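Quick setup: one chain, the form predicted alone, written in structure tokens, and binding and motion questions come after.
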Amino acid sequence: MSPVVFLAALFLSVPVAIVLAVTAIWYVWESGNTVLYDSFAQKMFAGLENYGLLAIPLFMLTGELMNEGGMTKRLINMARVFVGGFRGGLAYINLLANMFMAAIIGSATAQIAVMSRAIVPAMESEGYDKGVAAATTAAGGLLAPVIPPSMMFVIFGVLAQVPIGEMFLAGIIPGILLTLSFALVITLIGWQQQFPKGAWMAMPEALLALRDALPALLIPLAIIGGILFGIATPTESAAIASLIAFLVGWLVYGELKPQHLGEMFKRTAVNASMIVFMISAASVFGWVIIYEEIPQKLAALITSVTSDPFMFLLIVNAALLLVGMVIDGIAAIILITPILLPIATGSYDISPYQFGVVVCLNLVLGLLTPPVGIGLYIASSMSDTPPGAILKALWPFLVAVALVLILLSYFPSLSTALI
């Protein structure tokens, strides 16, 4: 009966955290093992006793401080220095700026919202099709969950009990690969649609743009450098990044006002609490998974179909594409990691880092695919572009992501080489 309750609540659009908690409560009552009620609250709090979870609000705060501090426009201007003179230069600027932003924000939805406001109007004014401009921006948001720091990697690392710093390292090569594939898509579309030709900055202007952006680049350097060289944990790196974002926005750029900190803290707390509550509810939902032996039953079913790790990952990719269309990526990662990870590592000897990268990239595709498609509707709202026009221009990028997913599934070294 509990699977019926679970599916019914999901289709009724009940928040996923509530679905997980209610299903667990129903299962305890149905199984007659009511002694578990005594430790229900304790189990929920135990799910949050992980130091790595502190990175979630800290990375969110870094994004808030960066947006308020005027770093976005300076990073876009720096991207113009490197790629602005090519045909379709503004589309490449969009992509490169998204890559810089992904190394700071770590959240696809936040990145799509920021970049849609910042660059789509500029692309439209230079003669780009509005749907293509919004689609390029939305696709660039998919870099955020792969290029470190990634909110989804933090959550996966906590659930999979693997070092978050190593998960971040696992995302570097896939992130570069995804960026290059998007650049190829922009090139092909640019040839077909004859994108406007860009103009290179004059040397003094370029040097000024680079100088202005250097303080903002301290943030990704602090995050990735601290983890890479073992100077700081991901959580400590997130705290350092927040401090740098505050000081740069306030003292260097002069756009961040200390009196606005209270509002930023409030937004960060609200957004982070939703994710933390889902993780807490997932802890008690684990009872259902454990007592019903769902991973073992699913493993027996899948291993009867194939013994090849690559084929297993293809099956997982196909299934998760459907899951991502109806469930938010973060909620989905919380749901499926305890079920599928033991099968991947135990039955197919797949590295948890490879599995984490593949699953996180796959699930974030749901941000841009109907019927849920939160990222698609954010890009539509922020850029005042119909979702249909964005989706029409988006499909080449989605094909590129699918091809990258196949490569990541077939070659484990793309995820594990830097670990």
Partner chain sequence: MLFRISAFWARIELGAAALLAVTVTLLILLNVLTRNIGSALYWVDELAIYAMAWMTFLGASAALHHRNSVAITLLPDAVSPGARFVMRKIVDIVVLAFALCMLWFCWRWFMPLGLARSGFDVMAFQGSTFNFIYAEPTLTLGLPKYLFWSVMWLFALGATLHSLAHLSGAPTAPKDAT
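Every value quoted in this text rests on a predicted model; they were computed, and no experiment measured them. Positions refer to the first chain, counted from 1.
Beyond what is shown, the protein has a form predicted in complex with its partner chain; the following relates to that form.
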Discussion item. For the three residues Leu159, Ile339 and Pro342, which mark the spot I'm curious about, does each lie within 4.5 Å of its partner chain in the predicted complex through at least one heavy atom?
Written reply: no
Worksheet, complete the sentence: Contact with its partner chain in the predicted complex, heavy atom within 4.5 Å, among Arg211, Lys297, His260, Lys266 goes to Lys266
Discussion item. Within 4.5 Å, heavy atoms only, which of Ala199, Ile231, Ile290, Ala318 is in contact with its partner chain in the predicted complex?
Written reply: Ile231
Item to complete: Decide whether Ser381 counts as a contact residue for its partner chain in the predicted complex under a heavy atom distance cut-off of 4.5 Å.
Response: no
Item to complete: Would you check, heavy atoms only and a 4.5 Å threshold, whether Glu124 touches its partner chain in the predicted complex?
Response: no
Worksheet entry | Partner proximity in the predicted complex: Pro57 to its partner chain, non-hydrogen atom cutoff 4.5 Å | yes
Item to complete: Verify the contact flag for Pro396: yes if a non-hydrogen atom of it lies within 4.5 Å of a non-hydrogen atom of its partner chain in the predicted complex, no if not.
Response: no
Worksheet entry | Interface stretch in the predicted complex with its partner chain - options 200-208, 134-142, 68-76, 235-243, non-hydrogen atom within 4.5 Å | 235-243
Fill in: Residues within 4.5 Å of its partner chain in the predicted complex, restricted to 256-278 and counted by heavy atom
Phe265, Lys266, Ala269, Val270, Ala272, Ser273, Met274, Val276, Phe277, Met278
